[in-house]
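We begin with a single chain expressed as structure tokens, specifically the form predicted alone.
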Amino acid sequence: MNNFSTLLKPEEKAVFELRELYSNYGYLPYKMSKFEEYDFYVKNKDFLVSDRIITFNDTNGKLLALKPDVTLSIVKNAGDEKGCTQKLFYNENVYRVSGSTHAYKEIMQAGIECIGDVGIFDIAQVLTLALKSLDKFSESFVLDVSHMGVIAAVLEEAGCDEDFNRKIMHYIGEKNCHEIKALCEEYCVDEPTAEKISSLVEIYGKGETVFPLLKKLSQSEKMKKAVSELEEICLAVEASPLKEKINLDFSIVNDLSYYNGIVFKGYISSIPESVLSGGQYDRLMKKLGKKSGAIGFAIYLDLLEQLSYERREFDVDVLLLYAEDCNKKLLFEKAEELVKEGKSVSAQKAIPQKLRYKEIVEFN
């Protein structure tokens, strides 16, 4: 008897396993249309991974787009219910330019969104689900976590304009201390603040070693508050058996106009880029006229194609060869008999060149 799981690629198997995982934590399935009004994405293009969108005209002349993002559409349709959270999971295809091929690609994506009265418990649970999701794919993974409040507090101390913030965020993401120092000199940022930004980028590791360093850097009330919140979240996640997979890394950044609070990325050792990305996006909620908070993450299932998976030695157990003039009723019965024995069967009039079979049965 064939094991059903051996027939699936990692990304296909993941869809079933993740669905069960998220359902167990009270997340409900969310299904959306492939299309969205183009204007909606244009107004929020800075939130998108790529602003290159596939568009077409509907039968009524309205300009539509193949969805390049799931979160935006979920937030658009989310309600504001005081004291409650909407917990949703999805498995959708998005359409965007691939980073590797620079061509449009249909990308399989899964993820969760927690929207509403989001607190420390909800944030800690989302991080735990991110850990459990990565654990489904490989034992060798890490989840790098940052806090945009810490970054925002340091940039506020620098006291520069949006152009500086945009450039420095890019260099922080690259861990490029040389360019960070050069940019701070160009914008006349005082040396202690410039040194603080560089020090923050170089901090990496477990909470017990990182938090004492962070607290030494924390002078403003805004930074102290962000560090305190991050520490509280990390303490809540201590209950997870996968807690050792979390590292604090302040080079994990995202757009400050959309994201606040926790941001994170998940990596698997055999894949050179992050397979999971998420964070709190309360500011996006406000931009779309919502009062609630929100946190979620997406898993890029297409990247899991790079994982090795167990390939069956044979395509079928039995190659059932028959002649065109044979008794088709008896042929059908023979095929059914073999299937009932737990064997996979391919009935053919000739031997296919690339078919791998365990045995040949000639039907006379």
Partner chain sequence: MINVALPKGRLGEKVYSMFEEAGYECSSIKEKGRKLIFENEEAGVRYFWVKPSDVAIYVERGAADIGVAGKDILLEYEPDIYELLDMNMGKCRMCVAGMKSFREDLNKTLKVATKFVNIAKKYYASKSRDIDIIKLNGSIEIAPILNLSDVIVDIVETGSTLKENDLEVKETIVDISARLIANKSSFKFKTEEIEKIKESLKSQIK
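Positions refer to the first chain, counted from 1. If you're wondering where the values come from, they're calculated on a predicted model, not measured in any experiment.
Not on display, but discussed next: the form predicted in complex with its partner chain.
J.: Indicate whether its partner chain has at least one heavy atom within 4.5 Å of a heavy atom of residue 269 in the predicted complex.
T.: Within the cut-off, so yes.
J.: For residue 191, is any heavy atom within 4.5 Å of its partner chain in the predicted complex, or not?
T.: Taking the distances in the predicted complex, the answer for residue 191 is no, it never comes within 4.5 Å of its partner chain.
J.: Taking its partner chain as it sits in the predicted complex, is residue 240 near enough to touch it, meaning that at least one heavy atom pair lies within 4.5 angstroms?
T.: Result no; residue 240 lies far from its partner chain in the predicted complex.
J.: I'd like to know whether residue 142 contacts its partner chain in the predicted complex, with contact meaning heavy atoms within 4.5 angstroms.
T.: Residue-level check for residue 142: yes, a contact with its partner chain.
J.: State the residue from 163, 156, 174, 221 whose non-hydrogen atoms include one within 4.5 Å of its partner chain in the predicted complex.
T.: Among 163, 156, 174, 221, a heavy atom within 4.5 Å of its partner chain in the predicted complex occurs only for 174.
J.: Give me the residue from 106, 185, 179, 81 that has a heavy atom within 4.5 Å of its partner chain in the predicted complex.
T.: Spelling it out, the residue with a heavy atom inside the cut-off is 179.
J.: Out of the stretches listed (223-231, 121-129, 201-209, 88-96), which one is close to its partner chain in the predicted complex, meaning heavy atoms within 4.5 Å?
T.: That would be 201-209.
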